[in-house]
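Just one chain follows, in the form predicted on its own, and it is written as C-alpha cells.
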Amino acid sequence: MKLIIIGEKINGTIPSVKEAIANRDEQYIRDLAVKQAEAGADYIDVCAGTAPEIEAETLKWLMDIVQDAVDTPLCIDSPNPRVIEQVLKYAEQPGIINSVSEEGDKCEVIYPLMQGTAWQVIALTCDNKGIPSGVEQRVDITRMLVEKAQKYDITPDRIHIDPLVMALSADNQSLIKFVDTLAAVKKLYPTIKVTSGLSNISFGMPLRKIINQHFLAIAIYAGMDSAIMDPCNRDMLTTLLATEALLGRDRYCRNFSNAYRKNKIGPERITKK
C-alpha cells in the first residue's frame, strides 16, 4: 500500500510562507501548491500560523488559493478547533483535519463536524498533561480518542494516529517507542492509520536529513500509513520510493524506475489552469 503523503510546505511558521502571507502573495502560495501536487502529494496541508485574531481569515485565504490551483484535497491545520470549525465549510471536498487530541475540548468540537461526512482526522497522542513519554500512555490516549470518535460514527480507518515522535537527541528510545506504539495501536484497531511528522526525530542533531530519511524507511517498514512531509524533497522521495520497492509494494519497480527515467521523483498530478 502506497504511503499517503501530506504536503507540509504551506505553513505560516515557515519564514518564506510567513512573508508571503503578510504580503498576500497569492502566486507564491499557488506555486507551492502546484509543486507539491505534481511531486505526488495526496493532501496539501494548509496552516496559517498567524495571530489568533486573523487565523481563520488567513486560513480561508490559503484554502481558496490552493483549491483554485490544484484538485488535491486539503489537510486543514490549526491548533484551535474553533478556527477549523469556522473554515471547514469552505473546503470543496473532504480531506483531513489536523488535528484532535485529548487536550481541552478538541474532540467535542471536531468530531461533530465530521459526523456524516467523509472527512478524516489526525489524532495526536497527547492530553492536558502534554506528550507522554511511554508507549502505554500513548496507547491509552489512542483508545480514548477512538472511543469518542465512535460516538459520532467515525470509524478507525478515518483516523490517522500520530504517536508524536520525540527528538532522538532527547530520548534515545524515541524511534523504538514510535514503532512499539504503532504496533500496539494496529493490534487494537487493525484499520486505523498511523502518521508522523518526519523532522522532529532529528531535532538538535547533525545531518538531520539523513536521520529523517532513515526514520522514514524504518517507519514505512513498521507499517506507517501516512506522513506529513515535503514531497518536493528529492532525497526523501527517493527513500520513500526505494523503500516501497524493497517491500514489494511497487509492482515490477515501475514507480521507482519511471521516476528516474523521467529525471524526477513522483507522479504528475493534473492541476487546474
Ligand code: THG
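The structure displayed is predicted, hence computed values, not measured ones. Residue numbers here begin at 1 and follow the sequence given.
From this point on, the text means the form predicted in complex with the ligand, which you will not see here.
- At a distance of at most 4.5 angstroms from the ligand in the predicted bound form, all three residues N98, D162 and N233 contribute at least one non-hydrogen atom.
- Proximity to the ligand in the predicted bound form, defined as a heavy atom within 4.5 Å, holds among P132, P81, P156, G197 only for G197.
- Although the partner is absent here, N11 is a contact residue: one of its heavy atoms lies within 4.5 angstroms of the ligand in the predicted bound form.
- In the predicted bound form, the ligand lies farther than 4.5 Å from every heavy atom of R30.
- Shown alone here, L145 lies farther than 4.5 Å from the ligand in the predicted bound form, counting heavy atoms only.
- Contact check for H214: no non-hydrogen atom falls within 4.5 Å of the ligand in the predicted bound form.
- Contact with the ligand in the predicted bound form, judged as any non-hydrogen atom within 4.5 angstroms, is confined among 136 to 144, 103 to 111, 181 to 189, 117 to 125 to 117 to 125.
- Annotation for 66 to 91: the only interface residue with the ligand in the predicted bound form is D77 [heavy atom within 4.5 Å].
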